[in-house]
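For reference, the chain that follows is the form predicted alone, supplied as structure tokens.
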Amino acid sequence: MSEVQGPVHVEAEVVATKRIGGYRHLTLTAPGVPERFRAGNFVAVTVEGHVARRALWVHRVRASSSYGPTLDVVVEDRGAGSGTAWLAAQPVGTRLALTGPLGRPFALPKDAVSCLLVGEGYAAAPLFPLAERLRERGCGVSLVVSAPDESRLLAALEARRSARSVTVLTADGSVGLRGTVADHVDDLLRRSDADVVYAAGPHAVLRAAAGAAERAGAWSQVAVETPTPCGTGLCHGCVLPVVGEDGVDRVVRTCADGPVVRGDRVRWEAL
């Protein structure tokens, strides 16, 4: 049977909502989306009172539940009037116009290699389904979960079920090692002896992970987050500066040509 592909536009429903630390976790039914999902994809949701849609990373997909296939997304409430504040406030039973899965997912190694996954805050969400896929392929997975403080760590306990080793970093030292990804990533990469580095989080985290990979001779992929007004590539509002295979500088659309790209291809200084 051929693999199900391509995004769909559906009416999703909130079937569970839970506050965990600084984030709101929503469980959604979205017919056809879980079956098409690949780690690194995202979904775009229409938000009341906003023209631009809100792009959300997918944290977990369940093939079956009492509601059928579901997907979990993580929302960071960014304050009154924001689209994320509206989403975080939606109760069970809310119906949302949703398109997905969107974007290019993470590429998986052909061989069973050692992998280092580096994520910060809510944007670490796509690394959890990625870790599951890598383990299914026999890859050794080391996971770094980072945040400014303990409340904004994403699923640190769950991380220990997803990887052979887990390192927790907080900038304020409230839990785990004190410091940022940039402070520790070179040492963590040496200790993991990883052949591939995957990263998801703020641009500074992605840049640090990609730089460490390049210095160590490893291959890197980063999930870049930029505002995506449409999520489908039509509006060209989410440009990402890269270096092409031919060595020529150009811009691509994060939502359609990304969000996952090679770390050594991003022109970080131009972001």
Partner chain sequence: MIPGPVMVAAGCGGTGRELATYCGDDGLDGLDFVTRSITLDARAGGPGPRIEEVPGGLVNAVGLPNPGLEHFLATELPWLVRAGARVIVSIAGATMGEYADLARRLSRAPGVAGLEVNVGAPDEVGVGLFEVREPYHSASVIAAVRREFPADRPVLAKLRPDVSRIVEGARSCHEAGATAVVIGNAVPAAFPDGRSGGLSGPAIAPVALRCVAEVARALPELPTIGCGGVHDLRSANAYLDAGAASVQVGTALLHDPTTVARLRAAFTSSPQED
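Residue numbers count along the first chain shown, from 1. Every value quoted in this text rests on a predicted model; they were computed, and no experiment measured them.
One more form of this protein should be noted, the form predicted in complex with its partner chain, which is absent from this view; the next part is about it.
This chain is displayed without its partner chain, yet in the model of the complex the stretch 229 to 237 from 27 to 35, 62 to 70, 207 to 215, 229 to 237 comes within 4.5 Å of it by heavy atoms. Of the residues 84, 142, 170, 99, just one reaches its partner chain in the model of the complex with a heavy atom at 4.5 Å or closer; this is 99.
Contact between residue 9 and its partner chain in the model of the complex is found at the 4.5 Å heavy atom cutoff. Proximity of residue 243 to its partner chain in the model of the complex: non-hydrogen atoms within 4.5 Å are absent; the residue sits far from the partner. Proximity of residue 50 to its partner chain in the model of the complex: non-hydrogen atoms within 4.5 Å are present. Taking non-hydrogen atoms only, residue 20 never approaches its partner chain to within 4.5 angstroms in the model of the complex. Interface residues of 245 to 271, taken as those with a heavy atom within 4.5 Å of its partner chain in the model of the complex (partner not displayed): 251, 253, in sequence order.
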